[in-house]
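The chain that follows stands alone, in the form predicted on its own, written as structure tokens.
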């Protein structure tokens, strides 16, 4: 069914009647299409479900284009990003075009689905802004971090699951809770992998998030456990280009205080709650998506 979504997205791009946009879009690396899979697993393969899945993936792609500009990221899934090849202006405008086309197509699906997805994009944008603001200082507030990743990552996954439920005439609330948990856990795992995975697997330098000013959950938990001197050292390394010795110091302290295990455990609890919710509704396929996500290497 994902192939039907890909064809629908291609149709949306062709309808723009712009060779440059088509060329740029064809150079984008595609991910796991997790949001589309959620919609199709919940709603089936109706035309409305395929269109909604295509729109959501276009919106997600647009957000990544903007995210790469914000983060000065020159690779995306181990390939050069659009901003690296063509510059920030082109990447921003391509993102704007995908957003705009996505919103136009939402109007042809249903008012309820349109409202749900549009509200998620507002939350996503607020989360992006908060992410930028938080990178200016070392954040030690777990609740602020959780709100930011809910807005930036989980809100669109929550809306995807909710939209699928609406299209299938299922009660949206349990599916939205499932999607929200999945989205928060997904981002937590990404943040952990930035520390534990090698650069080749990541497609970017290890510990890149911390160098970019992001204080993710493992760093927050580490800071709580360090003594005064080590707290000061950790803060002094924030936003700095880390040497190998500095990277090793951070990783050794995380190992000593078991903060990776603590962070992973928190993500796993969210996934277990999501799985329980879906098992109660007989949605074993959604349970498998959640399990595959928590066990991924990237």
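As the structure is a prediction and not an experimental result, all values here were calculated from the model. Numbering follows the first chain given and starts at 1.
Missing here is the form predicted in complex with a small molecule; even so, the following discussion is about that form.
Residue stretch of 64 to 72, 262 to 270, 36 to 44, 229 to 237 approaching the small molecule in the predicted bound form, non-hydrogen atom distance within 4.5 Å | Only one stretch passes the 4.5 Å heavy-atom test: 64 to 72.
Contact of residue 254 with the small molecule in the predicted bound form (heavy atom, 4.5 Å) | Residue 254: no contact with the small molecule in the predicted bound form.
Look up in the predicted bound form whether residue 177 has a non-hydrogen atom within 4.5 angstroms of the small molecule, and give yes or no.
-> No.
Give a yes or no for residue 59: in the predicted bound form, does one of its heavy atoms lie within 4.5 Å of a heavy atom belonging to the small molecule?
-> Residue 59: contacts the small molecule in the predicted bound form.
Taking 4.5 angstroms as the cut-off for heavy atoms, does residue 86 touch the small molecule in the predicted bound form?
-> No, residue 86 stays farther than 4.5 Å from the small molecule in the predicted bound form.
The small molecule in the predicted bound form: within 4.5 Å of a heavy atom of each of 5, 51 and 114?
-> Verified in the predicted bound form; spot residues all out of contact, no.
Option touching the small molecule, based on a heavy atom within 4.5 Å in the predicted bound form, out of 153, 181, 215, 81 = Comparing distances to the small molecule in the predicted bound form, the residue within 4.5 Å is 153.
Taking 4.5 Å between heavy atoms as the contact cutoff, choose which of 109, 220, 121, 134 touches the small molecule in the predicted bound form.
-> Exactly one residue meets the criterion: 121.
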